[in-house]
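The chain below stands alone and is given in structure tokens; this is the form predicted alone.
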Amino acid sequence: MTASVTFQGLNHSFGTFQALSDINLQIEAGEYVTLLGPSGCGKTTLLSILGGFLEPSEGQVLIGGQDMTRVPPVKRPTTTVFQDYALFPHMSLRDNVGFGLRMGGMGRAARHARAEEMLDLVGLKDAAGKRPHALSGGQRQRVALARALAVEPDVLLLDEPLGALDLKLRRLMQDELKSIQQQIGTTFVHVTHDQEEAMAIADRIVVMSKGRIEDHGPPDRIYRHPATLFTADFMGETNHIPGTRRAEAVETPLGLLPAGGPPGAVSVCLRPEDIRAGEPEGLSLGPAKITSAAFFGTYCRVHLAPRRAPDLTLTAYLPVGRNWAKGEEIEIAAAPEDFRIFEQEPG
């Protein structure tokens, strides 16, 4: 089963604190969407409203076109996977996965068969008789996922489900979550504050800040062509270059950029991986001195002091294969289309 989700004019406050403001969002049936943003941005509040654990101060929540705004969690076609898994330690994995089916009145033989089917989906059918204490963190996360899927929800909610895992296991589980979602076709709504995680698994990322939706779209568009300065900042590293738009060009300490628009102060953003070194093609940024360098495996992360703007520090990801030495001066450049120009925000 799968269903669409619609948020219409959602607002929610806790006392005088406005947690959500004017949320309007459509999630298609079968879509994998991540709600992404820093702590306190409203993403968990939005997920809780979708799950029925909170009732919004204003607005509507539709699931499959049906108004669910005031429907209690137990009567919604949703289930939630939490970060702490919440498995019953005294039950076998089979009984943990079948618990919701048992509460729904399904007979023992049928729910055991369904539980084993779900455990097989997450690669743990042979461990059905074990108890949670015998499993690793990643395996317990799989059991929690299997339990949530066993009741065949139209929408699966995931609240930072990978936050307690180490980096290698988290990346493995990201791949598995995406694979399982593609197999079953259920709508997944996944809360995270991890940008890499969101980009790895989502069909669409919803970036949130201060209770509002800043941007939403496919991961590559959100990263390469962010709609707002907040999104550009939040989605990985970026260099900030001050600029002033005049006529058909933007003046920066590093040179002129072609860009039309209203005159005034702007913020120019440039990703570290878009800075080219050596004898690069593109828009010359002039010579720059390497002030620090660190090896990161697939790239070398360096800080640069451009001769044209010695008070400005640029971060660049340069290719491995040669020694980028502190104190070395190199020519740098970037393609004009790689610069992102934003109006300066008040305050």
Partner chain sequence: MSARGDQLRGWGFVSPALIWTLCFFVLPFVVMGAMSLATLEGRTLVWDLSLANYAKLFEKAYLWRAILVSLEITLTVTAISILLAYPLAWIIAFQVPPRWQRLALLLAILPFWTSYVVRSYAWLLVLAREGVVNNALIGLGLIAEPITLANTRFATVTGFVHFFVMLLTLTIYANLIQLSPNYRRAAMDLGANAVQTFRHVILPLTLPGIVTGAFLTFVLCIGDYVTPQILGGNTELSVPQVIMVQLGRRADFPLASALAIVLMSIVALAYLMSARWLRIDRL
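Keep in mind that this is a model prediction, so the values were computed, not measured. Residue numbers count along the first chain shown, from 1.
One more form of this protein should be noted, the form predicted in complex with the partner chain, which is absent from this view; the next part is about it.
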| item | value |
| --- | --- |
| Residue 263: touches the partner chain in the predicted bound form, heavy atom cutoff 4.5 angstroms | no |
| Heavy atom of residue 202 within 4.5 Å of the partner chain in the predicted bound form | no |
| Exercise: residue 133 in contact with the partner chain in the predicted bound form, heavy atom 4.5 Å | no |
| Any non-hydrogen atom of residue 87 within 4.5 angstroms of the partner chain in the predicted bound form | yes |
| The partner chain: the contacting residue among 167, 103, 109, 247 in the predicted bound form [heavy atom, 4.5 Å] | 103 |
| Selected contact from 151, 180, 173, 213, since only one has a non-hydrogen atom within 4.5 angstroms of the partner chain in the predicted bound form | 151 |
| In the predicted bound form, segment of 117-125, 220-228, 67-75, 249-257 with a heavy atom within 4.5 Å of the partner chain | 67-75 |
| Whether 239, 317 and 340 all lie within 4.5 angstroms of the partner chain in the predicted bound form by heavy atom | no |
